[in-house]
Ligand SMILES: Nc1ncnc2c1ncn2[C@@H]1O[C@H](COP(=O)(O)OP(=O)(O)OP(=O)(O)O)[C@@H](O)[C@H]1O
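Here we start with a single chain on its own, the form predicted alone, put down as structure tokens.
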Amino acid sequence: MPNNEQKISLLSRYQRLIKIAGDLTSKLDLDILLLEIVKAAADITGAEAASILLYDAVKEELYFQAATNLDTAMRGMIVPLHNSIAGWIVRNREPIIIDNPQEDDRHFQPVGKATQLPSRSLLGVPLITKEKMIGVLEAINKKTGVFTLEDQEVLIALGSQAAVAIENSRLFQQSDLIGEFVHELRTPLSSLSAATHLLRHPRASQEQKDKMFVVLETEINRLAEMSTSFLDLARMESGRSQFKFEKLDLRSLLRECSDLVEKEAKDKRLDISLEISEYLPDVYGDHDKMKQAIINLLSNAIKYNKEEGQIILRGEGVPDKKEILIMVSDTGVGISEEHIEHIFEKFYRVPTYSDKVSGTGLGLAVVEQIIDGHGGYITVESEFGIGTTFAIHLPSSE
């Protein structure tokens, strides 16, 4: 039975928990929310670190999404449901306290290698809301003593609030994005409706029909591209898109991206060149997603360039800042200052070119999400009528 001192300690922790729960309900950005949850978990349990693994019910997998000690090499790491402590928590839907987890048969060894944090003790609880499994919240290494049932009690309470907040954040982002998507569908659907109406008209000439077939093909392709980009964005914003991190050979990746768009550039009479600095260390990243981001920027450089213009893809390391730069420069139409601040917004297209160049307005939003998921950021410099340079800033692995 707890003594008075323990009762006061438990009461103060629940008071902090009430404040934390209120803060969580106001966080709608999933990445910010998850970070707040792991910080709170470490705080109220007196742990050195804490982490959240989200559950993918379709693939029946767990993957790291946030941690107080999370680096880019760990985010997205898949943890099996079997032969892992987190998997046991999901399968049994029960909390667990383990001393010396590294000696436990269920311990998933790659986690310790990735975090560089030996696990002396572990407290884990399931994240469940309305019987739906969301994931696992873990506190690692009690700073003083061992994890107690009191620690477990407060972490369960935090976990129940966290599960609701995570699900609400996902639903909010999805509903917000779906509303924007439905709104954007109206334009291509209107074009398709008008084209099919004219094709049915008995007095339509063959020339008019040929033009309408071009409209149909263009808008169908646009809808397909929009749907793909929308799904990519929805998965990333909801935390359901898994980043599979590995050491990337950037030289090879940049050459691969340059080769893939070379024909498209030549068809438009554009000169594309690749510049790689002598110092370009490897980074940890998801090969396919980084490739998607770079190709997206190169495709925009082709779309918005002038005939016989130039495109330069650069890769260089910046030792002083411990970062790597990947830059895509073009000699295209440029972006005026009033539009630059909006170009990463979903569905935003610069009005001057929206009728002249096909696009969905989602490409740059997807790029920004990918780079953000790698712990980096993207900047843009542009001069109207002269050209534009997009720069991806990534943390160096050295």
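A residue's number is simply how far along the shown sequence it sits, counting from 1. If you're wondering where the values come from, they're calculated on a predicted model, not measured in any experiment.
Another form, the form predicted in complex with the named molecule, is not on view; read the next lines as being about it.
- Contact annotation for residue 301: at least one heavy atom lies within 4.5 Å of the named molecule in the predicted complex.
- Proximity of residue 66 to the named molecule in the predicted complex falls outside the 4.5 Å heavy atom cutoff.
- Under a 4.5 angstroms non-hydrogen atom cutoff, the named molecule in the predicted complex has residue 362 among its neighbouring residues.
- Though the partner is left out of this view, residue 334 does reach within 4.5 Å of the named molecule in the predicted complex, counting heavy atoms only.
- Comment: 301-309 is the region of 316-324, 245-253, 301-309, 141-149 lying near the named molecule in the predicted complex, near meaning a non-hydrogen atom within 4.5 Å.
- Interface residue among 49, 343, 371, 40 relative to the named molecule in the predicted complex, by the heavy atom within 4.5 Å criterion: 343.
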